[in-house]
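One protein chain, two forms: both are listed below as structure tokens, the first as structure 1 and the second as structure 2.
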Structure 1
Amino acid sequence: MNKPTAKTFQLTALALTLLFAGCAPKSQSDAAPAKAQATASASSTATTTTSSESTITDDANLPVIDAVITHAPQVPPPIDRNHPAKVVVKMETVEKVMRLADGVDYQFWTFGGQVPGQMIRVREGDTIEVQLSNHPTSKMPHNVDFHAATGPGGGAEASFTAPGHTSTFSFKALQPGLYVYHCAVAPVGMHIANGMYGLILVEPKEGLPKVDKEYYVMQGDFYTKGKYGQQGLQPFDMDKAIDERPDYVVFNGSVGSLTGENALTAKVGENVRLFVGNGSPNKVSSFHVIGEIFDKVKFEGGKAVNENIQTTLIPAGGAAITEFKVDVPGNYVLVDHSIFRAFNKGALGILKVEGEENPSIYSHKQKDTVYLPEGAPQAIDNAKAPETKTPTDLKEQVAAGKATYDANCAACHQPDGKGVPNAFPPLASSDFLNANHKRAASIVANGLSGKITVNGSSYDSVMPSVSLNDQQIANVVTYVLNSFGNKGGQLTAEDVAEAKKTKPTP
């Protein structure tokens, strides 16, 4: 559908050129390929055209520009031209050993010395001159197939380059979109599996809407003789590749390329655009950002925009542009939602968002309450509590109480007695506890519910009764009173027997 449209445009453009050829100043035809010249010629023709689109359509007269290309996750700057140009893209293929995961090295074949290859950004209608150099240390010939090119092999044949050579060819970016490029030298699968892919963005003439952050992420799968994580230099495994059983599925060429210090970043309120490619020789990607919804997805890198997308499918050899506004701070996890790949094979990255919380959009945990449905046991079984005999002194009693505490109380009040905010009140330095030791014994024996205030914070929850005998309760309360910064104290079994007759009241 698009092709005739592009052709029609070309014809129209050609007709325009012919139409205006007579009016064009002579000096323009011998224009040197320089930016300044381009600006001059663009303004000199401005009077003869009614559209903002310049009439520079004659390829020989196109201004020549060196492409700004970037390593992932960086993205080249947006195009600010309103006319086509001849964009020179210098690419180099390099074979080199690099880190695939911690302690795992791999002999990568690359564009530009990294995986993925550098991102290229051009404008619809530009002529791309590709100068592909194959480093003299390479053992293999390489080439490049641009999915953005129209012509046999996407340039593969034209760019076939032996080690120590440079090939030049050009193509016209007829149709806007986000496209994959990759090496296509036989065995093609092996060149791709070794990391030979990248993205080229062909911006539509009108450009892309401005956003605050743009990033370049490309998924790939890798096949190694050793299993995931097996240390050392891992050779490529052709059998696994043919069986489509990758050991690694990663973003940007290695496990951890987008985590920790390498995490992507944004601030609350910013619009983020991800240019996501899938260079994998085999696996399609179910690309998802945990905790976000894509406001817009140009699925498959094309023109159509879908909105409100949770997960977008990116075919092998395909791409997608996703956009979303980040509303609340936190770590958002980029994954292939074929989820074992994320947590067991490396397809995991982080977008770290900083800024103000917004509880109306996301509250974080507000409450943790005890769930005691009808018929559930209302008391905690003390099966795990150690046998008790009457302790002879305070030290022995505290030791016995500690064992009871660890087995019966620590799960909620925590081993250090500090509790859990909004859920379990602290026993450490608890004003509520220290105010009334016998009430504490009664709480353990009878349970407690209703609103209480401990050290200035209120709790409105349920503590089930803990079925301990009087001596055990005396021990555990004595332990607590003599630990965690509390003020000391001691209870006997007789004290507990007396205390538990009174239900505790806040």
Structure 2
Amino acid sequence: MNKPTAKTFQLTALALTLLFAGCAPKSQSDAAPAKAQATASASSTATTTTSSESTITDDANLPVIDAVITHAPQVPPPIDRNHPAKVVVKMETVEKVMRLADGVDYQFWTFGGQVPGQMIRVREGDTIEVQLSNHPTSKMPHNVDFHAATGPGGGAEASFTAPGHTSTFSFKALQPGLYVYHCAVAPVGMHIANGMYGLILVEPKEGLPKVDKEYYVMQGDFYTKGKYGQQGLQPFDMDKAIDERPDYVVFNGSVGSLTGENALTAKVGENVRLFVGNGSPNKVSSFHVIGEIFDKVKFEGGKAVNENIQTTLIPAGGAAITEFKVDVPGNYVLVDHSIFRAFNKGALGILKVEGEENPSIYSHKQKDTVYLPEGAPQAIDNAKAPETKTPTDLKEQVAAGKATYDANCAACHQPDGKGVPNAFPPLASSDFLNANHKRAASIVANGLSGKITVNGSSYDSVMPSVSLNDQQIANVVTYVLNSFGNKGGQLTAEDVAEAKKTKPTP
């Protein structure tokens, strides 16, 4: 089969774009592709000659500089000049397989080989010359639509680029703000959903107030054939994307991209500025930092400032600038406060703050005493399964245990047994559980308070005793031992009665 030409890619994309826009092509249907092809093969000098006389005159007198662009979460340095310039921005689109979550890979379409694309920082009044190259290994044409550009498609038509080609066009940064850019080749949603988005900051002429730390964070959602966490290379699922049912909602392109060694950092007393974008093709972000209040928010990335904000809405294809001072050390959790996205789909990051404690602002826990007012129950009286006969075999016991688990345990430990990070330990593939089956039965019967380690992670919370009889406890522990990737096992009511005599210890 012959390799499609650049012209073929352009005609196909134009037809798809017109189809998705719901309009018919003009009589000279090949005019736009021809223009795009001419632009793709032209030099930056030839591009300038297509501009108006005033633009040519202005640009001819501007100093020419290469843009400093950075991968997330890093931010380009503040603008240190007091005059406009012609800023050359070199971008490359690359299609590559990368990590989406542990054990999960995805075929991303990218600007600059990462998701999100690199952050660009320019000054109000600058002329931006964009040189967009599409890597020869790409299977698709790509382009770029700058929300910061004033002109048809934000540059999408002018930057339409087939694999192995470079397109050049220019626009003037007329208005300051924080803007999204993204690919706009049809089907537009698919290109965005595969990771083709980033941020461009147009600094006001007077610049931004100085802060100690600046970070680039961008949310996106991904739609895969497999469910969240399903292992292997996961293809894009168009039906889920159309139905707006993402399997992953993440910061900076993958689950855990801002945790562990990749956590953001600051010191007590520093002022932090977050440039936050939402590249999502579908979902609005409710951006929040747990344990902090935004001193200032430039909502939607514009000029208006709101103060003392807990959570700020960022529309799909929008951005916000948040600023706050960190007063107390500790780990601050960045989340989309549509909270199941944070704890079940990946929209979670960490800002690690180091420094001296300040108990006048935050004391940490000072005392922990038992609270048992008169008449209060001594244990959780959860929903009980009806009394049943002793199971006759393992299969029957597992089925009975599942009913008990669904009624009493699934809310905390989750229906799949994976628990909730930093809150409820997993029962799935649990080294703690598999090490001592009778201890597990004692914990269900007697409760447990204190720090335990499960699969290498520490949990320090309270597991209250659950009001179940010995047979029900035997059933539910047996169900868990034979589910969620555990190693198997079986307890009887007699085993539980014996286990209850020993209080469990962490």
Ligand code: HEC
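It should be emphasised that the depicted structure is a prediction, and the values quoted were computed from it without experimental measurement. Heads up, when I say rigid core I mean the largest set of C-alphas that superpose within 1.5 Å between the two forms. Residue numbering: structure 1 sequence, from 1.
Asker: So which is it, 1 or 2, that shows the form predicted together with the named molecule?
Answerer: Answer 1, the form predicted together with the named molecule.
Asker: Checking residue 395 here: with the core superposed, does its CA move 2 Å or more between structure 1 and structure 2?
Answerer: Moves: yes, 2 Å or greater.
Asker: Under a superposition restricted to the rigid core, does residue 179 display a Cα displacement of 2 angstroms or more between structure 1 and structure 2?
Answerer: Not so; residue 179 is displaced by less than 2 Å.
Asker: Does the C-alpha of residue 199 move 2 Å or more between structure 1 and structure 2 once the rigid core is lined up?
Answerer: Residue 199 C-alpha, core-superposed: shift of less than 2 Å.
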